[in-house]
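We begin with a single chain expressed as structure tokens, specifically the form predicted on its own.
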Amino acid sequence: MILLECKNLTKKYGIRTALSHVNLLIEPGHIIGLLGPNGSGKTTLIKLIAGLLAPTEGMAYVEGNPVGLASKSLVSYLPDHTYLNSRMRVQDAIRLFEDFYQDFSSACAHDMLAKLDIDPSFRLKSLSKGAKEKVQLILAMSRQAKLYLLDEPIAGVDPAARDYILRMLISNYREDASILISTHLISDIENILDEVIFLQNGQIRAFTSVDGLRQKDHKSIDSIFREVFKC
């Protein structure tokens, strides 16, 4: 079964091509790292799959549904920036998601908040940047979606909380779902990845299993990434 299919997916901004003829097949039951330098097209690809951008050419499908109204109920998207009203309380954001998404579990959200020591009665504006990012990640992962699109989910999170968040990602997705994670913190997440996509200049340079890549090069994914992209 194919969970996500991208066919010749292309996005242009004027004369600049952000994404060029991307073809991609993702099956359920995988955690996939979307890796590439700044400007490689990672966020553009995620937004196209989430239905926040319209492609210039090509099409993306989620469980056979063209990206649009039918696919939105299957996709849980976490952007790389704060999007919630800062005057809201955390519990208000939970109620908002509960009203908006039929597959949202407030019990799951409250459980994760407790484990990360975040008081749901606090207003978002009173939280640190890292705590706000934790809240947004909790909201995204408390849905029973089929495809989770996470854009830099742990960029502002303190190292002490990263291990729990990574365990949360593993435990909160199912065999019929997959997670696509865009990140620069490769060394922190590579142990939970099943596959990696290397994106460069808007094109897929490689899409392969993590174990196969490690066995082939006898190096960490972070080291391979740095060699490929000369970081």
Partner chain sequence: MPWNLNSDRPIFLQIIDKIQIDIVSGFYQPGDKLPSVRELAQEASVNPNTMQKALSELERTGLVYSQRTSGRFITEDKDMIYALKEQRAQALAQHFLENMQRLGFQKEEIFRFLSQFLKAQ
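Nothing here was measured: the structure is a model prediction, and the numbers come from that model. Numbering follows the first chain given and starts at 1.
What comes next is about the form predicted in complex with its partner chain, which is not displayed.
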Handout entry: Three-residue site Lys11, Leu45 and Arg205 fully in contact with its partner chain in the predicted complex at 4.5 Å by heavy atom
Key = no
Exercise for the section: Just one of 63 to 71, 34 to 42, 171 to 179, 50 to 58 has residues with a heavy atom within 4.5 Å of its partner chain in the predicted complex, so point it out. Expected result: 171 to 179
Exercise for the section: Answer with yes or no whether Gln215 is in contact with its partner chain in the predicted complex, where contact means some heavy atom within 4.5 Å. Expected result: yes
Practice task
Mark Ile192 yes when one of its heavy atoms lies within 4.5 Å of a heavy atom of its partner chain in the predicted complex, and no otherwise.
Solution key: yes
Handout entry: Contact test in the predicted complex: Arg16 vs its partner chain, heavy atoms, 4.5 Å
Key = no
Handout entry: Contact of Ser220 with its partner chain in the predicted complex (heavy atom, 4.5 Å)
Key = yes
Problem - Partner contacts in the predicted complex for 5 to 35 (non-hydrogen atom within 4.5 angstroms of its partner chain) - result: Gly29, His30, Ile31
